[in-house]
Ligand code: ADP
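In structure tokens, the next block holds one chain alone, the form predicted on its own.
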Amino acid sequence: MLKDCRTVWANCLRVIKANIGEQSFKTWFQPIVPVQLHNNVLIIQVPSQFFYEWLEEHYVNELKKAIYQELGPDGRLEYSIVVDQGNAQTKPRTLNLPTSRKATGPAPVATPAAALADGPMSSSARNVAAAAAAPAPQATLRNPFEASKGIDRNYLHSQLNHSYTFENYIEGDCNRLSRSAGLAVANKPGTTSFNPLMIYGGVGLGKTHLVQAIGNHIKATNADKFVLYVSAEKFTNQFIESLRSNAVQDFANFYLLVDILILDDVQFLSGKDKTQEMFFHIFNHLHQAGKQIVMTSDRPPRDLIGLEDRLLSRFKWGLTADLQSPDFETRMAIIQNKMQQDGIDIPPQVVEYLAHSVNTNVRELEGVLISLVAQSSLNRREIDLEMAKQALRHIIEEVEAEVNIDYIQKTCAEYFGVPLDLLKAKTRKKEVVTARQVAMYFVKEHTTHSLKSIGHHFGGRDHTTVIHSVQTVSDLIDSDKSFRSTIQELRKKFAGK
């Protein structure tokens, strides 16, 4: 009987899933697509070279075991790696590689001169090419950075904030891929396939923290490496100043000394053609020399407007990973970590209140914590829930005015005549179960809480329990006229809130 690649891969996934954690399975195996099965060789498509290297480093044994069980001792696995996502006019470009490939150095790229083979070499290309060919600059080379007072000497030239580390960067579902990629780069700068590493996401989600953590880790483990953190705006201003003072050669010389270049907010290069050209040639030289490049942006490369296509194409050479808004559990962990760092102990209910109230980004959450601690210190008062609500009334959205979990639980408990605390207890009494399921149904309908978060507020129940409760209520609304009337009455209460 002939086997289909999809069937074979589905059977392989069952073997793999039994041997690894659920989250790891979702992250690293669900995105894989089976492509072809020919002569006992199964080809699977992975989203990037980073995926390929991660699988080969961490899960090669599980893959080999699954292939052996499905295809026998002659079975083999090959990867089809997406190296360019393409667009509406061009198909995605892929690269096929066998399993268990030995690591190699970074792929060669065009030199600055060759990159402009279609026309005369620009002044930026000449400056970078001349700097690359020149002897190593002496210590008297002018640093385009102004020395800042009060900065640790070890971090003076790198412009890093040494308080940004992986240890105090809280990991969650919202940032797991980006953090894993960042740590891999920090451990082996310039030698992995995710070079450049592009981290993108909205304001206040931790991009700067993550990329500076990469720089600090490299500084701590590779003292001989020159790590440089610079914002795109500062890079632009330095370049403009070098043009004004006729010191472009010094500017190029300085950046060619860098071993790890971290460029923050690359979207601010938009529309600055000369600066983009200089960065393009610096990028080419550093990449060709095996130096690591890390960038951040507020959007993925495909959505960046005002940047040259040749620059955008280079951003796609490595890995692009996103940061999302932290979920409820991650926000709670961030609050607890921050308070622990500051030596402050706050009650769990205050942590929950803050995590519920500030659900936009980490920066706003940290601002709220600073305000709360300041109020506590000025008023010489221990932090409690009432104090938190009063102190933050004008900073965070007043959740008491909304239909929130507490209000829904209280209303449902009163309507069904059961004690409020039983909604969170383990009891299976029919009247309590009904009240609990109805409350979960309305929390799902009226709030933005995740299923996991809803379960947490009903006695730490699993998200599958929440799904079952919501489905049960929905089915009863359709089949039971009396129950439908009950839901309509409760819905009026919430509508009038």
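Just so you know, these numbers come straight off a predicted model, no measurement behind them. Heads up: residue numbers just count along the shown sequence, starting at 1.
Same protein, other form: the form predicted in complex with this ligand, not shown, and the subject of what follows.
Using a 4.5 Å heavy atom cutoff, 168, 175 and 204 all lie near this ligand in the predicted bound form. Here the chain stands by itself, but in the predicted bound form one stretch of 309-317, 68-76, 363-371, 249-257, 363-371, has heavy atoms within 4.5 Å of this ligand.
Between the options 286, 423, 262, 334, the residue in contact with this ligand in the predicted bound form by a heavy atom within 4.5 angstroms is 334. Here is the short version: of 209, 219, 272, 356, the single residue with a heavy atom within 4.5 Å of this ligand in the predicted bound form is 209. Within this chain, residue 280 is remote from the site of this ligand in the predicted bound form, having no heavy atom within 4.5 Å.
Taking non-hydrogen atoms only, residue 407 never approaches this ligand to within 4.5 angstroms in the predicted bound form.
In the predicted bound form, at least one heavy atom of residue 164 sits within 4.5 Å of a heavy atom of this ligand.
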